[in-house]
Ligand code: GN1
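Listed next as structure tokens is one chain, alone, in the form predicted alone.
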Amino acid sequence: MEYQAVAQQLADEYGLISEEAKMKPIGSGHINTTMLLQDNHKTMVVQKLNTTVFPNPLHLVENARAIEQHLTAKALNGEYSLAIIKHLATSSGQYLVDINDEVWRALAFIGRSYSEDVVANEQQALTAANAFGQFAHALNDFDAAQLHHVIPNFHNLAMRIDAFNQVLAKDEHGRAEKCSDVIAAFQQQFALAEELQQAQKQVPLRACHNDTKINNMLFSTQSDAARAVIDLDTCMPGNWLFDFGDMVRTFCSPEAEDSTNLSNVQVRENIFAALAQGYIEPLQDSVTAAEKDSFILGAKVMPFMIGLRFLTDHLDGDNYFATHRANHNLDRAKNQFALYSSVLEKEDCLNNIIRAI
């Protein structure tokens, strides 16, 4: 087995019996390699960190552990009811392990849980969004400024536009001509960056999750209720509009983000209403009026920005996002622009849903 030697080394580091150690893949993440490590008595999650995306793994762990500690204190006071994903230390007290120039870490395994990759119904959307809302509310009094920017300019749309323009100007792979219509469609919407910059001046800095996909929360196998918010790797200072917008991006379309069935890529209003209710209700005592007003902007910005990143990567030779077919990133870009267009088309209706909560 490819990872057997690694499993034995990790078992030694984390106090498992190396002769019994076995490791198997879990989850569907695209960035880090996530495995289940177990012997006959213990089970834990181990991850090989992608040091290209996260060049400073120590900062990633410091961020996550600071949030773990804050949430743990909240839980002890009865102010946070979800399970908390926690880092495990090695026998020598370290939170990162170097094996063959690869960086690994271990996390406590949260049992009696399952994850979903696609939102199937309103109840799932409500439950998942409510979990992210509880997470955000629990961090309301956490000083976001103490967090490292593990991926600088992660949601900086103006910077993403600059990066796109630089790649387009070079067009080193000669792909621009064949997708000129897609390029033009995105370019016509670049004023969105200025709208975002103005909105960000009106809202507070928050400790944000920054990857609020449904598969980053766990459901209880016993009740289907929320069990835990997971994957704190991109927790950074930011604005809640991005977390709201990323839920809209990943919950609301009935199609996967790389589907070419573009006529069916649209915002399902019932799912939007469920996620808006689920996310906003735990925040009623802490969300500002300007923040609530910014949520519809987040719903526009996130599919547009991710779509632009897909298009940039397509023009740049597919260096960042993993691809599994020709023009895969271009298909993703078209898909996300279709979703963005649907948000624009339904903006008044969606905004009325938010305001009614």
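Throughout, we count residues from 1 along the sequence that is shown. Note that the rigid core is defined as the largest set of C-alphas that superpose within 1.5 Å between two forms. All values derive from a computational prediction rather than experimental measurement.
Just so you know, the form predicted in complex with the ligand exists too; it's not on screen, but the next bit is about it.
K.L.:
Please determine, with the chain shown alone, which of 268-276, 164-172, 227-235, 189-197 has non-hydrogen atoms within 4.5 Å of the ligand in the predicted complex.
P.N.:
Stretch 227-235 is the one.
K.L.:
Would all three of 71, 74 and 240 be in contact with the ligand in the predicted complex, where contact means some heavy atom lies within 4.5 Å?
P.N.:
No residue of the spot touches the ligand in the predicted complex.
K.L.:
Going by heavy atom distances of 4.5 angstroms or less, which of 118, 158, 205, 151 would be at the interface with the ligand in the predicted complex?
P.N.:
Selected residue: 151.
K.L.:
Tell me, yes or no, whether residue 253 is in contact with the ligand in the predicted complex, where a contact means a heavy atom of each within 4.5 Å.
P.N.:
Result no; residue 253 lies far from the ligand in the predicted complex.
K.L.:
Within a 4.5 Å heavy atom cut-off, is residue 130 in contact with the ligand in the predicted complex?
P.N.:
Contact check for residue 130: no, nothing within 4.5 Å of the ligand in the predicted complex.
K.L.:
Spell out, yes or no, whether the shortest heavy atom distance between residue 57 and the ligand in the predicted complex is within 4.5 Å.
P.N.:
Result no; residue 57 lies far from the ligand in the predicted complex.
K.L.:
Even though the partner isn't displayed, in the predicted complex is residue 308 close enough to the ligand, meaning a heavy atom within 4.5 Å?
P.N.:
Output for residue 308 is no: heavy atoms all beyond 4.5 Å of the ligand.
K.L.:
Taking the ligand in the predicted complex, which residues along 11-50 bring a heavy atom to within 4.5 Å of it?
P.N.:
If the 4.5 Å heavy-atom criterion is applied to the ligand in the predicted complex, 11-50 yields 29, 30, 31.
K.L.:
Return yes or no for residue 70: a CA shift of at least 2 Å between the shown form and the other one, with the rigid core superposed?
P.N.:
No.
K.L.:
With the core lined up, does the C-alpha of residue 328 move 2 Å or more between the shown form and the other one?
P.N.:
The answer is yes; the displacement is at least 2 Å.
K.L.:
After superposition on the rigid core, does the Cα atom of residue 258 shift by at least 2 Å between the shown form and the other one?
P.N.:
It does, since the residue 258 C-alpha is displaced 2 Å or more between the shown form and the other one after the core fit.
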